[in-house]
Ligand code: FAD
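Taking the form predicted alone, here's one chain by itself in C-alpha cells.
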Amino acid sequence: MIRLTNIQLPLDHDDAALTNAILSRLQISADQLQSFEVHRRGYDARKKSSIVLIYTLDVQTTQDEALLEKFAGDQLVKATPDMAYSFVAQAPEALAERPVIIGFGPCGLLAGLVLAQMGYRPIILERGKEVRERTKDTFGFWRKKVLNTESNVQFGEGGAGTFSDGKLYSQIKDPKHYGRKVLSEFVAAGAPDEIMFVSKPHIGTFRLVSMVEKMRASIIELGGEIRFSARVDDLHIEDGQVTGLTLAGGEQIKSRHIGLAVGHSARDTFQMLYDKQVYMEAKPFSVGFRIEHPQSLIDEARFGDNAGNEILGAADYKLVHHCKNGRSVYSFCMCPGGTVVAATSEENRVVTNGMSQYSRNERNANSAVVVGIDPSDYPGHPLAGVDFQRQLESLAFELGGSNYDAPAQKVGDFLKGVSSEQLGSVESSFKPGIRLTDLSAALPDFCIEALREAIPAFNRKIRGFALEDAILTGIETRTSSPVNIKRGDDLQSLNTRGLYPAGEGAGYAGGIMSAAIDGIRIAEAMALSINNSQ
C-alpha cells in the first residue's frame, strides 16, 4: 500500500473529497484506485475562520510499485510501513519459572498481556483492588472524605490513568509501532474504533473500566494470574540477582524475572527499593495548581465560529512559557469538559488531578499549570523529591481546612496577591470541596512568581485564560515520578539483574500510551532472557 501524508481538506468537506484528493495527489484515474483507509485524522485550527482537517491515508492502487518509483523522494508519498506486531519469543513447553509483574496499570497491563500471549503465564501483583471495587472506594472518598490508602486514584487495577482523561497519544519515538499494538488491544477490549485514526484519541474513565476488565479476562484465559490487594513489601536479592519477593501478608514468591511496573505514587515501594540498594536517582518533575475555565470559553478561543463542531469536539490546549526567573511553566494533563478530582494516596495530604469522560461534556475545562523543578531544588538523597512532594501536599491539606477540601483561589485574586472571599461566575468541580484562601502560601516563592508571569502570557495565546473568575485549585504534585530507577540497554536494573524497572513510576513513561509501550518492551526483554537462561 501507499501512504499519503498531509492531505488537507476543509472541515466541512463531503465524502467524495478524500477520493478526489487521492486521485489528484497520485495523478491517477478513478479506476486505478482500489481502496483506501484513514490512518490518521487531525486538524489545524491556527486560523479559526478556516480550520482544515489533515489526513494520513493508506491507499491501494492497481500500480503501487510504479507509483512509489514515480514519487521516489517525495516525503508525502511513501510505502505504508508494516505495522503488524510480531512476538519475539514463545515460552518453552517446560517453563522453569513464571515471570512476575508488580503493578497493574497500563505498563503492567500490557507487559502481562504480551507475556501471556507468548505463553509465559505471568503472575501479576496489584496492591490495590479490582477496578469496580476501586471505583467505589474512589468515589466514596470524593463524597464522604474516607480515604482508603490502598484503593484510590493512584492505586488499583488500571492505574492512575483510569481516573484521567484517558488520553491515548504520546510524543515518544515508536519505530516498532508498539503504539499500534496497544491501540489494537484496546479496541479489542471495547474501545471505540476511532482511536485507531484520530490524532488525539481518548477514552474517558467509564470506558476504561470495562476495557481493563476485558483485558484482565484475556490474561487469565491465557494462563496468567492476577492478584489484587497484593502489595510487595520486600525484594529478595542474592549476589546482585533478584530471586523473588515477599508480599505484605508474608507470602513469598520465587522468580528471577520481575517487572517493576508501579506508578509514580508508590512511595513506600521506592523506599523499599532504596533500602535494598537498587540503584536510583532523583529526577525532575513539576508542581503547581489546577486551573478551571468554562469549556465554552476555551472552545470559542480555539475554534471561533466552529466551536461545537462534532468532529472537533471539546477544545484542548497546550501551553508553555519560559519565565524571567529561568523557570518554565506549562499546561499539563488538560481535560476538556472534565472535572478536578482529589488524588491523594496518603492520609492528611491534598493532591489534585483532572478527569474527563468520553463525552467530555462537563461544564468546565481544566488543566494543571505547573512549574518545572529539578533535584537542585530538593538536594540530598534520591528520595528527596518524595519528601518535597509530601511537604507541599501536607501544607495544602492544612490550607484546605485539614479535612481533604482543597485550597482554591480565583485567578484574578491570585494575580493581585489577595485572598479570595467568594467564587464568581465559574463554579469549582472539585470534590469533596474547596476552601477559598491565598494560594501564594502553597508553593515556593519562585513557583508563585513564575505562575503569576505565565498566566497573563497564556492569556495572550488563549483569550480569557486569565479570566478574573477562573479558579485555581491546589495542589498538583504527581505530574511524574520523582525518581528514576536506572536500567541498562537490556532493560534490567543497573545493579540488580532480573529486575526490569518500567513505566511511569520508574521514570520511563508519562501517560497511558508511553507506559503501555514500555510494558511491551519489558515483556519482550523478560521473555528473551527467560529463554536464554533455560
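All values derive from a computational prediction rather than experimental measurement. Residue numbers here begin at 1 and follow the sequence given.
Although not depicted, the form predicted in complex with the ligand is the subject of the following passage.
Colleague: Open vs blocked: the ligand (in the predicted bound form) superimposed by pocket C-alphas, blocked if 3 or more ligand atoms lie within 2.4 Å of a backbone or C-beta atom?
Modeller: Judged by the transferred pose of the ligand in the predicted bound form, this form is blocked (3 or more ligand atoms within 2.4 Å of backbone or C-beta).
Colleague: Please state whether all three residues N364, L467 and A470 have a non-hydrogen atom within 4.5 angstroms of the ligand in the predicted bound form.
Modeller: No residue of the spot touches the ligand in the predicted bound form.
Colleague: So in the predicted bound form, does L312 come within 4.5 Å of the ligand, heavy atom to heavy atom?
Modeller: No - in the predicted bound form, heavy atoms of L312 and the ligand never come within 4.5 Å of each other.
Colleague: Is there a heavy atom of Y178 no more than 4.5 Å from a heavy atom of the ligand in the predicted bound form?
Modeller: Residue-level check for Y178: no, no contact with the ligand.
Colleague: Going by a heavy atom distance of 4.5 Å, is G224 a contact of the ligand in the predicted bound form?
Modeller: Looking in the predicted bound form, residue contacts with the ligand do not include G224, since no heavy atom lies within 4.5 Å.
Colleague: I'd like to know whether F155 contacts the ligand in the predicted bound form, with contact meaning heavy atoms within 4.5 angstroms.
Modeller: Yes, F155 is a contact residue.
Colleague: Given the stretches 91-99, 158-166, 179-187, 396-404, which is the single one in contact with the ligand in the predicted bound form, using a heavy atom cutoff of 4.5 Å?
Modeller: In short, 158-166.
Colleague: Which listed residue (T269, T138, S345, Q295) meets the criterion of a heavy atom within 4.5 Å of the ligand in the predicted bound form?
Modeller: Among T269, T138, S345, Q295, a heavy atom within 4.5 Å of the ligand in the predicted bound form occurs only for T269.
Colleague: Sort through A301, L436, V198, A230 and report the residue having a heavy atom within 4.5 Å of the ligand in the predicted bound form.
Modeller: Flagged contact: A230.
Colleague: Only counting heavy atoms and a 4.5 Å limit, does any residue of 472-503 reach the ligand in the predicted bound form, and if so which ones?
Modeller: The one in contact is G503.
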